[in-house]
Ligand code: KIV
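This document opens with one chain alone, in structure tokens, the form predicted alone.
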């Protein structure tokens, strides 16, 4: 069975390219707080911004499954408000919502969403909405129990972030639903990366789990410099670029 592929998108054109490439799932992640809005972490993004990006991604990839993070600003509310936010997210074009953690409150939220036929993806290990800095999580028994509990509550899959490979392997072997790794080794059912990171479009961080497949930031700077020089020298626009 082939591995599940997941990458992020926040805009129409990236989503369009991912769909053309044949990605399995697009994640509208709260990572957009950092890569699109320049915040220091993912905690400051709000529901309105997530919904706008979800709509744009859906327009770019209407036939691809879309997962959207519920932002911290919503999951700290009561479960009824979380349900409203999830319903808005589905209406915006998402097929699945993602919620971090496996606390009592999170489980109550997931239970209510599933009772209302909303698909949910879980997320354990390093959860950016809860931690102040990236942290490898090594509590094997706790992580395995969280994964089993999330499965019991009906999530369709679980993101495993920054969990040692041997623990991720055990989790994947223990539960029946897919595990999607990010910094969690090769034995997960699938993998996810932030597209802006792997494209080198956002190059302010370089975590161990990241593989860069392009260097778009440097390419953009080079292209912008060429444009500036051409305009200043008068070589752009030429007759071919003029009406």
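Residue numbers count along the first chain shown, from 1. What you see is a predicted model, and the numbers here were worked out from it, not measured in a lab.
Just so it is clear, the following notes concern the form predicted in complex with this ligand, a form of the same protein that is not shown.
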* Structure fact -> Of 52 to 60, 213 to 221, 170 to 178, 192 to 200, the segment with heavy atoms within 4.5 Å of this ligand in the predicted bound form is residues 192 to 200
* Which of 45, 182, 188, 66 has a heavy atom within 4.5 Å of this ligand in the predicted bound form? -> 182
* Answer with yes or no whether residue 161 is in contact with this ligand in the predicted bound form, where contact means some heavy atom within 4.5 Å. => yes
* Answer with yes or no whether residue 146 is in contact with this ligand in the predicted bound form, where contact means some heavy atom within 4.5 Å. => no
* residue 26 near this ligand in the predicted bound form, any heavy atom under 4.5 Å? -> no
* To do: Report yes if any heavy atom of residue 74 sits within 4.5 Å of a heavy atom of this ligand in the predicted bound form; otherwise report no.
  => no
* Asked: In sequence order, which positions of 91 to 114 have a non-hydrogen atom within 4.5 Å of this ligand in the predicted bound form?
  -> 98, 100
